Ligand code: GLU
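A lone chain, given as structure tokens: the form predicted on its own.
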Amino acid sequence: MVRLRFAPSPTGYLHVGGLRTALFSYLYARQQKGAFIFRLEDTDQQRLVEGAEDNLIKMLQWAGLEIDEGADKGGEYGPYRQSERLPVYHKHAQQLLDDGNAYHCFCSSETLDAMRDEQKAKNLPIRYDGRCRHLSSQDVEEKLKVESSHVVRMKIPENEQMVMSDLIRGTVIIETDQLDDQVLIKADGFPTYHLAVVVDDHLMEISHVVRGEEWLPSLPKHLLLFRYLKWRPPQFAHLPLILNPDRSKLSKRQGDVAVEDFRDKGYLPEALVNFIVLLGWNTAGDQELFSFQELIENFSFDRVGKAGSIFDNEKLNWMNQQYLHQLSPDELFERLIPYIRDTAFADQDETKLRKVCSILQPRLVTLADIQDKLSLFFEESPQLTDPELIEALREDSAQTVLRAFQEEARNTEAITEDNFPAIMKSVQKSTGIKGKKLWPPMRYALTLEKNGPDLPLVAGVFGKKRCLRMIEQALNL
């Protein structure tokens, strides 16, 4: 059975790169009728952030990823928090020691710093020089009796060429002489990522490991541990980096990278998921918008590229807008409610709110955009501030159109969506002004924008009184 895991550290928010890793794992697991496991790699106790675990789970749920086994759900392969599995790691570390594939290291931090300084001065590779590797068993026993602080390191074989296979990159070759004798058990008794991940992936019967390419240099160490422990390794897929437009690595310094930031800004989960999956995975044709089910059916590792992918915010905005346009009026309103609640207009009549949201739907790029657009319909006297539009409304032809509309409106019992075009036709007839001189002044005066919502719809919501007030305001500029 195919079993894939997403195993973040609870040290903060869910990065969009982490979501992509989770998504690729989830899509393949669902496609192959397998299991998706959520495991917490919390052995670095100094970096734990309170509430991070709950946030990670909530963001996965928001994105539509259903966890089959995990820290919050349990399962027959648990526990799923590494901090609760320490005896398991110590058992296998002892096995590595007994088999001669690991050793105790007693070097102090001062010794290690001096070693690195010397290597740096001589332009040598910065890595542990293996001095404790050659201690006799008698020396080790004596030191264990008197020295409480020590680590356990794995032995890297010398002069070996490791040939590895990756689902995305094909064959990868690394010389063991380039590797460091990795720490497996830290001085505080907690395992490092390298030991814990190998032990957990085996005991939890993980069949495929999907992770970022920054872990590729660690692959030979992990494969060596699988060899030492006489286990069959899973298949690996190392994903390319997600990059900023300047091709630097995507980071918080250059903008939003947390999934919750995109949620709070009003991006739809289905749009963000669609966008992120296409960061690295290439479709067979020109299709760009995929349902979750279509992603599951079409996903494959052989169409994941090796090169980094640019995080294009404009493309994300376009994609989000496409998904917004597909929502029914009722579904749109339900999704807008949390954003409307944060405005001064939350207590307005719901029927009118629903009508306004429907009118504004083609104008929304994100759900949060609704907050700036409601004032046109509900604020007592919204003001025109665009200098270009103010100047345009001061032109003689614009003033003529506005006054003609004012006159027609005063002589009309009510202004509705249905009769607004007829009123404008009368304005055209009485003034002789048409086309680009007729409609823009009305748009600027009523919507306060160069490209606002459909005018008859706006006028229908405004009614006669508000239309006349907006026209009067434009005439008084």
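Keep in mind that what you see is a predicted model, and the values were worked out from it rather than measured. Residue positions are given as counts along the sequence shown, with the first one as 1.
What comes next is about the form predicted in complex with glutamic acid (GLU), which is not displayed.
* Let me know the one among Lys221, His92, Arg153, Arg211 whose heavy atoms come within 4.5 Å of glutamic acid (GLU) in the model of the complex, would you? => Filtering the options by heavy-atom distance leaves Arg211.
* Asked: Which of these residues, Asp68, Glu417, Glu41, Glu449, gets a heavy atom within 4.5 Å of glutamic acid (GLU) in the model of the complex?
  -> None of the other options qualify; the answer is Glu41.
* **Segment that reaches glutamic acid (GLU) in the model of the complex - one of 95-103, 286-294, 377-385, 191-199, heavy atoms within 4.5 Å** => Heavy-atom contact with the partner occurs in 191-199.
* To do: Would you check, heavy atoms only and a 4.5 Å threshold, whether Trp215 touches glutamic acid (GLU) in the model of the complex?
  => Within the cut-off, so yes.
* glutamic acid (GLU) contact at Ala7 in the model of the complex, heavy atom, 4.5 Å -> The answer is yes: Ala7 has a heavy atom within 4.5 Å of glutamic acid (GLU).
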